[in-house]
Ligand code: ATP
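One chain follows as structure tokens, the form predicted on its own.
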């Protein structure tokens, strides 16, 4: 079978001629610094995939280099001094720039301490897998591949660079599975053994939820996200982190959400809900609210299925936000009609509002009504209106009087 990998001898000069790369090389020559194409974009070029965004590594001042290059590209430069990296956003594309660096992990799962260096080989050695650990020298037009990354690409293998890789950065466990499924590669035997050992010894618990969430977002963007999630569950990764596994029926629900083009943010929240994640203080306010609403929906679902009166449907669904309703609508086919009914009736307005109530009180038309009860009587009127029992202002006033007399 013909390999999908480009010939190692084939020149990458075509990529050097792209305006963004040509300008970066021109600037590197001006600064008298080395410049390399690295990482995922270089890997994807070798896999004959379309590449729009690039990763560059230099042995110079990233802030100065990035700012000037952004000017030339008429883009915006964002600098991250903690990691000596930056990103240029231009014409809806990205260009990542990093200082050649070594990294020291002071403890498992911690963010690395960054040390600037000049040696590309040392920089490549800190990377996650061999298929991401080769570089193209843009000045000398040569491939630098000290860890046989191109060979592993050809052999379709995911291989780590050193035995502590999954201990230093356990998020690589997620990435190993993600790359294996995306490219239909095999995780090399020793790498897989070390991956399972890192899971068993709970190194995943050394990383923050924010970093785990980032990996989950990336997984949900993948075409084969369902296969990736199933593999993670089989490896008991979710059990280790969240105390619960994902089942096929759960993944089917996520597939349905994605097939209906549900926003990724909502799919992510539903994934956390399925995993019983309830440390809501860690989430954004809106995300925590959706999980709380999904818990509420689980409690009222049977009542909603039985509900016939429009006012009852309104009462049951009104505590839910539009985002939560989108999730429910996608998953609960038997409730779609009632959600559509709710979307129509929720806009119904009574003719009497809070201001009118005050006027009626001042005129003595209604008595024995306190302002603290306004919201109750207005809801009572709305429910009657929804069921078609009130059609005029006079009928609403009569209902208010009746309500106050019965209390």
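Residue numbers count along the first chain shown, from 1. Not measured: the values here are computed from a predicted model.
Separately, the form predicted in complex with ligand ATP exists; it is not shown, and the next lines address it.
K.L.:
Does every residue of 186, 224 and 233 put a non-hydrogen atom within 4.5 angstroms of ligand ATP in the predicted bound form?
P.N.:
No residue of the spot touches ligand ATP in the predicted bound form.
K.L.:
Would you mind picking out the stretch of 376 to 384, 36 to 44, 58 to 66, 334 to 342 that comes within 4.5 angstroms of ligand ATP in the predicted bound form, counting non-hydrogen atoms?
P.N.:
Only one stretch qualifies here: 36 to 44.
K.L.:
Ligand ATP isn't shown here, but in the predicted bound form which of 196, 154, 175, 240 has a heavy atom within 4.5 Å of it?
P.N.:
Flagged contact: 175.
K.L.:
Out of 181, 99, 159, 126, which one falls within 4.5 Å of ligand ATP in the predicted bound form, going by heavy atoms?
P.N.:
The residue in contact is 126.
K.L.:
How about residue 171: is it within 4.5 Å of ligand ATP in the predicted bound form, going by heavy atoms?
P.N.:
Answer yes; at least one heavy atom of residue 171 falls within 4.5 Å of ligand ATP in the predicted bound form.
K.L.:
According to a 4.5 angstroms non-hydrogen atom cut-off, is residue 132 in contact with ligand ATP in the predicted bound form?
P.N.:
Looking in the predicted bound form, residue contacts with ligand ATP include residue 132, since a heavy atom lies within 4.5 Å.
K.L.:
Within 4.5 Å of ligand ATP in the predicted bound form, which residues of 268 to 290 have a heavy atom? Give them in sequence order, or say none.
P.N.:
Going through 268 to 290 in order - heavy atoms within 4.5 Å of ligand ATP in the predicted bound form - there are no hits.
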